[in-house]
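Alright, here's a single protein chain in two forms, structure 1 and structure 2, each given by itself as structure tokens.
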Structure 1
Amino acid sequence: MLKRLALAGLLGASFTFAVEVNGAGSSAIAPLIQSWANEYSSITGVQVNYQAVGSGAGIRMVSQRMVDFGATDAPLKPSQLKRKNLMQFPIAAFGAVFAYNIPGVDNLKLSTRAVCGIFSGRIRYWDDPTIKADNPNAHLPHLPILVVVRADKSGTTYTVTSYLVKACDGQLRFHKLSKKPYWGIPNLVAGKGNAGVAAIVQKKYGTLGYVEYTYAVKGNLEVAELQNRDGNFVKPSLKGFQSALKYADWGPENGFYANLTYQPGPDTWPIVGATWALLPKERKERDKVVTAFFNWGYTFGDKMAEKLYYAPLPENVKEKVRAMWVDYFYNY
């Protein structure tokens, strides 16, 4: 109770310290932060500006104190947080999907075997027998599969490679999750940000690209059903994203790190990630303004998040984050 009162006091007083907050990083979380920011500004007058420059750039910019907060889908390790003097906490979870553009083909199913075949370079055409086996009624053309990846250091890539490393078990050219791996496959093209990948898929036949789900919905892109860890074909859904959250062990001792990909469950979507905020620890007054914004999002932004297909954090995780804020502001 004392911590909740302390939190209410410090957040309530924070608006006098600044009227503008600047953040940068993950493009996956950008629609949610920008949606929250618009509503928050109309209520409080605090302007939250956010640049969707990618997780790698977000980490660099907050590390160099160019912005008030960074956002990354690839969380920093405790040793990195200590070295950079940063605080880290999760914002929300999201699903990454494989969007595709094949004329006349909808409801495409991609088995784990097919996905691993594509990303290992063994499957190069859309009419490959492995793909046809799960899509017997689809008119799959003898068209090269053009894989669309991220050109920048990307947290979405980090999430997708986490899934691929687990699901494909040694079949790929890379063997660990990465923000910018060496893909080592033919027929590859890169786009900047989630928006850039979505734009390429939208315009070019034969493409298969990974994007945060909101970008696929906004771009009216076809999205493949995937086989999850339990072997079931599932469509991307908020329920499927939320199902992965219950397997996370969130806590401040490791910077609230959680790996949410390829988790069990009959309806669980296999490619689920989260986005973490990064704040400079030496800027307490600015941090009060930033955490007030995220606390508002935790408190009032869940419906907005769900409307945009983001999975809000469980309430017990939000409470752990709030307790960390109070400890930082009063005891650090």
Structure 2
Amino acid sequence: MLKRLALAGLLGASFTFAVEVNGAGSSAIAPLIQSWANEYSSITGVQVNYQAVGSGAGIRMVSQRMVDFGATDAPLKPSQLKRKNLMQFPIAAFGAVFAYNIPGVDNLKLSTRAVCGIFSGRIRYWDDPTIKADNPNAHLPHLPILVVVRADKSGTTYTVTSYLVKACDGQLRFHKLSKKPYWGIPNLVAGKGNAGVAAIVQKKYGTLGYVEYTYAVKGNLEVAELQNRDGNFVKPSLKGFQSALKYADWGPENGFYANLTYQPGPDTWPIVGATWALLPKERKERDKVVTAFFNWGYTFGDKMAEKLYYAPLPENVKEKVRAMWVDYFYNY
């Protein structure tokens, strides 16, 4: 309770001296930050400018102290945070899904075995026995599986490789999380951006591509059910994304560095990523203004996030972040 009050106090104080906040980084989170910023500036008068320049550039810009905060889809390790003197906390989460285009097939289910088979190049046709076993009632054609990946380096790919590396340990050509891995499978085509992948899946039969959930919903694409770590087949949903956040092992002690994919839980969606904010630690006064904005987003921005198909952080995670802020402003 005391902490709550203290936080409210410091938030109130912050409004008086700064009117502009500059951030840069992940393009995945840009729509959410912009929609928060609009609402926030109309209420408080604090202007939040955000440039969607990409996570890598965001990290570089905040490391060089060119902006008040950076945003990245791949979290920095505690050692990197220490070296660059940065504070890190999650903003919101998102899920990636496998969209497919097979004539006459809806409600496709892909077991972990099938996904790993496809991404290791072992399963090449849609009527493979492994996929058939998952979908006994579907009429799967003898059509080659064309995997659609991202052409550009991206946080979405980072999240998907994280899931694949965990779920298909040792079966893939790559073993590290990567924003653009060497896939090493023959039937591969690359599209630029989520929109590019979605466009190829929409237009071409036999494709299987990963996109952020938003793009699958907006593009009206067929989305495969996946098997999660508990072995259940699940449909992608914001609830399923949030469930992954609840089970993840993260907190102030590791700078909220966490891998959110393939988490346990009966309803958990297996491919979940998040965007993290990075703040320079030596600029306490600026940080008060920035954290005030994010605290407002945590408190009042869940509806806006859901509208844009982001999964808001669960309450227990928000509380951990708030506790870290209070600790930082008063004890650090």
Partner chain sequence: MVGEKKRHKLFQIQDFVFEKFLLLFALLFVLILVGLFLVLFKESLYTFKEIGFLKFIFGTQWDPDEDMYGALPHIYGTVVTTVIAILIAAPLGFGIAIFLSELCPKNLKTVIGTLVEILAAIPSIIYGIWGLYVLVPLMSAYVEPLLHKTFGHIPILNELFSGQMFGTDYFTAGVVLAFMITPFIASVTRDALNIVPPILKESAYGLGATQSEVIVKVMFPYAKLAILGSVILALGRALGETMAVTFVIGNFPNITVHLFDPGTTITSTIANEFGEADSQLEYSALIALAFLLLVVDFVVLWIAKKVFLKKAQKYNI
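Numbering runs along the sequence of structure 1, starting at 1. Quick caveat: nothing in here was measured; it's all calculated off a predicted structure. Between two forms, the rigid core is the largest collection of C-alphas that superpose within 1.5 Å.
Enquirer: Looking at both, which one would you say is the form predicted on its own?
Expert: It is the first structure (the form predicted on its own) rather than the second.
Enquirer: On a rigid core superposition, would residue 278 pass a 2 Å threshold for CA movement between structures 1 and 2?
Expert: It does shift by 2 Å or more.
Enquirer: Once you overlay the rigid core, does the Cα of residue 251 travel 2 Å or further between structures 1 and 2?
Expert: Yes.
Enquirer: Superposing on the rigid core, is the CA of residue 267 displaced by 2 Å or more between structures 1 and 2?
Expert: After core superposition, the C-alpha of residue 267 moves less than 2 Å between structures 1 and 2.
Enquirer: Could you tell me how many Å the Cα atom of residue 34 shifts between structures 1 and 2 when the rigid core is held superposed?
Expert: Its C-alpha shift, to one decimal, is 5.2 Å.
Enquirer: When the rigid core is overlaid, by how much has the CA of residue 298 moved between structures 1 and 2, in Å to one decimal?
Expert: That residue's C-alpha is offset by 3.6 Å.
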